Structure formats: structure tokens, C-alpha cells
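Here's a solo chain for you in C-alpha cells, the form predicted alone.
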């Protein structure tokens, strides 16, 4: 993950948004407060942002604000679980998962009836990895176990799921807060999935 910062002045120049828009979106929780980083410079205190994250967020806000209210956008970007509850057939019809992936998910989780948002997110992440071919079915079971055992950690910001393989043996882990991770020689990272991005993609599909 890029740790490059961009100053507030450069951000406003690059995106064309105003100072007022930036802070109105902050007040509406469209932009997390911890992305506003105060740093000392030779001209005094200035505000910087994580460049990749803020550029992606502003692009999404500008693209979607014509069709969604600021409150709806805030709900979409919120790291907390939504109040959505949907059945398996509704999730299939909305394209969240195929029938094959849904059956696999039901077989290995025991979820029945309506799915709360956290289970919908788990299903969406499983579907994304299986449908892309990044992981195989036995690794899908591993993913579901990881999601079940560490569900509390997945509520936090910037959690990333990583799958690795070495000599045909797979493993997966959760990386918190975008810290760098290093593997021994011969280990291949076969999949990397941002929980925050998955959550935003999913809410876009469900709204």
C-alpha cells in the first residue's frame, strides 16, 4: 500500500474541489478524520492526506453524489455494519454470489434465513476470490474459517486478507493498518483483498 502523502493545497488543485466541500464531506463522515494529518513544514503547520486513499475517495464521491445523498454516501463509506438483511435468493438475484458459491457458503457456515450485513460481506469476499480464480475451494474453506475466527478484527479499519502459497501449500492471514509484510523466499502472494474496498463495492451493489 502506498504511504505517499499529498498536501491539502495540492489536493484541492488536483481534484478541483473547494475548501468548503472538503470539510463538509469531513463533517458528513465521507472522509475519515484520521486521514487529515497535521505536519510541520517550513511555512508552519499544514494538512496532508494519504494520497491514494483520498484520491480514490474523492473520485467516488464526485461520481456518486449525483445519484445519492450525502447521508447515503456516508452510510456506504461507514466501516460499521449496515442494517441490511437479505435472503440467499435475493443475494443471488442481485449478483452478490452465484448459486454455486452460495451453496458452498451455506454448506460451510450453516447460515440460514436472512443474512446480516457481516455475512453478506463474507459471502461477497468468498465469491470475489473464487470467481476470479485466485483461490480454490479448499482455500475457500480456509477463508471462511479465518473470517469466522477473526470477525471482530474485520470490523476495524484497513484490514486486508492475504493468501500465500509455497510448495503447493496455502495459508491466509489478516493484515491490519496497511503495514508492510515480508515473506520468506519462494513464498508467493496469490491474493490480496481490502476489506474496506470490498465493503464499499458491496454497498454500491446493494444500494
Partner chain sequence: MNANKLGDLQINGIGSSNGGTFNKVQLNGKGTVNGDAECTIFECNGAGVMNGNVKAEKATVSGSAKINGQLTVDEINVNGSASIQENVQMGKMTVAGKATVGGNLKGEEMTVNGKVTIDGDCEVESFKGEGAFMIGGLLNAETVRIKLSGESKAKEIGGQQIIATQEKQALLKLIKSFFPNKLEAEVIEGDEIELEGTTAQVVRGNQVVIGPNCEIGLVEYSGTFFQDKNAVVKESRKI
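Positions refer to the first chain, counted from 1. None of the values given here were measured: they were computed from a predicted structure.
Keep in mind that the form predicted in complex with its partner chain is not shown, yet the notes after this line are about it.
A.B. asks: Looking at 177, 151, 69, 45 here, can you tell me which has any non-hydrogen atom within 4.5 angstroms of its partner chain in the model of the complex?
C.D. replies: Selected option: 45.
A.B. asks: Tell me the stretch among 138-146, 61-69, 45-53, 166-174 that has any heavy atom within 4.5 angstroms of its partner chain in the model of the complex.
C.D. replies: Single hit among the candidates: 45-53.
A.B. asks: I'd like to check something about residue 33: if you look in the model of the complex, is any of its heavy atoms closer than or equal to 4.5 Å to a heavy atom of its partner chain?
C.D. replies: Although its partner chain is absent here, residue 33 would touch it in the model of the complex, with heavy atoms inside 4.5 Å.
A.B. asks: So, residue 20 and its partner chain: in the model of the complex, are they within 4.5 Å at any heavy atom pair?
C.D. replies: Close contact exists here: in the model of the complex, residue 20 approaches its partner chain to within 4.5 Å, heavy atoms only.
A.B. asks: Residue 57 versus its partner chain, in the model of the complex: is there a non-hydrogen atom within 4.5 Å?
C.D. replies: Residue 57: no, not in contact with its partner chain in the model of the complex.
A.B. asks: Is residue 24 near its partner chain? Define near as a heavy atom within 4.5 Å, in the model of the complex.
C.D. replies: Within the cut-off, so yes.
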